[in-house]
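One chain is shown next in structure tokens, namely the form predicted on its own.
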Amino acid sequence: MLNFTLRRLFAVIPTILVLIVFSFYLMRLAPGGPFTSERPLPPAVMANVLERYGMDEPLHVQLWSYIKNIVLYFDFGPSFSQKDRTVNDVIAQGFPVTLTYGFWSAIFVLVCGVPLGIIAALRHNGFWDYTMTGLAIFSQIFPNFVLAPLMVLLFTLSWGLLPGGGWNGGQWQYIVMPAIALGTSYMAGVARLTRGSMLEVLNSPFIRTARAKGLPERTIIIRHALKPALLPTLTYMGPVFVYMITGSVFIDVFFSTGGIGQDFIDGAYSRDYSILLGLAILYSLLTFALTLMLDLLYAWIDPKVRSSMG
């Protein structure tokens, strides 16, 4: 297990380096830049600005300096569009907000989606199966940019139960609607995936053997069927959590949470290379970390996976 973990960690390094190099050059291939506008700066002023941010050097020199600062100091450099702020400051302020409601959104997806899928599988082709499947499909047709305004219209403007935006230190009232709006469509996918996986496991020979031995149905479901049935769901939830973090731009903007999605939009509009590249690296590290955690969780659930890791 330790050797497998170390191999995966060492494999991250060249992957991140390739990502940095490609992203660094691709961003600068696009026309325009962080200091171009409809009214161009005088040449002398532009030269001073480029020198201030080290952008007067050749691209390979800029790239080497950027990688060196990340490796030695974990410094993503200054923001080109936000005065007197670094990319580290932007991440430190916005990422915890996005991560907080993204985490609770993932909890909402699992807590609601997994039971829905299990109930539908246990009541296969029955009333509850059709009800849960219909509910899952119904929730999937509401993406976050549709569900969020509807929730504000109902829970804020009509009933006055929840605030329609803001963060206020992350109080639960301000987390509920962003978490639900972000996770509802993913909950439908988890429910359908859990249902299909549970049906496949319940028809497996070892489940029939357990029933033939007279084990209680509850014991069969909890101790024998649930773990293998959840493996595909765990595989699905790893990338989904990253998608919820990276795809939360509309949630950040609509609910004015102060999350990192707003900074990503502002950085894209202003061609702030530092913020865009810093967030791309951050999302990549998050993806690798979650993938590694899922692999280790797989090994804990499935002994065959654990033995193959060595």
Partner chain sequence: MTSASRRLKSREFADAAAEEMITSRSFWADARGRFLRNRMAVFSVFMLLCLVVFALFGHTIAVWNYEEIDWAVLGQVKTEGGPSLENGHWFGVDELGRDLYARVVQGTRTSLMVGFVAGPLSVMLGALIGAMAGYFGGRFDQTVMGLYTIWISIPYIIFFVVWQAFFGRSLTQMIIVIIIVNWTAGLLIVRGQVMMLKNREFVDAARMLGMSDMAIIFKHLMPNVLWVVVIYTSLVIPEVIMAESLVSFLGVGIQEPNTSWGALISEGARTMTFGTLWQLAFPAMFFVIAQVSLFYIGDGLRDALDPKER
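All values reported here derive from a predicted model rather than from experimental measurement. Residue numbers count along the first chain shown, from 1.
Below, we refer to the form predicted in complex with the partner chain, which is not included among the displayed structures.
The candidate spot formed by 9, 231 and 290 lies out of contact with the partner chain in the predicted bound form, as no residue has a heavy atom within 4.5 Å of it. Contact with the partner chain in the predicted bound form, judged by any heavy atom within 4.5 Å, is made by just one of 96, 196, 149, 115: 149. Remark: of stretches 98-106, 212-220, 71-79, 149-157, the one touching the partner chain in the predicted bound form is 149-157 (heavy atom within 4.5 Å).
Using a 4.5 angstroms limit between non-hydrogen atoms, residue 192 touches the partner chain in the predicted bound form. In the predicted bound form, residue 250 approaches the partner chain with a heavy atom inside 4.5 Å. Residue contact with the partner chain in the predicted bound form: residue 226 places no heavy atom within 4.5 Å of it. The shortest heavy atom separation between residue 30 and the partner chain in the predicted bound form is within 4.5 Å. Interface residues of 213-235, taken as those with a heavy atom within 4.5 Å of the partner chain in the predicted bound form (partner not displayed), are absent.
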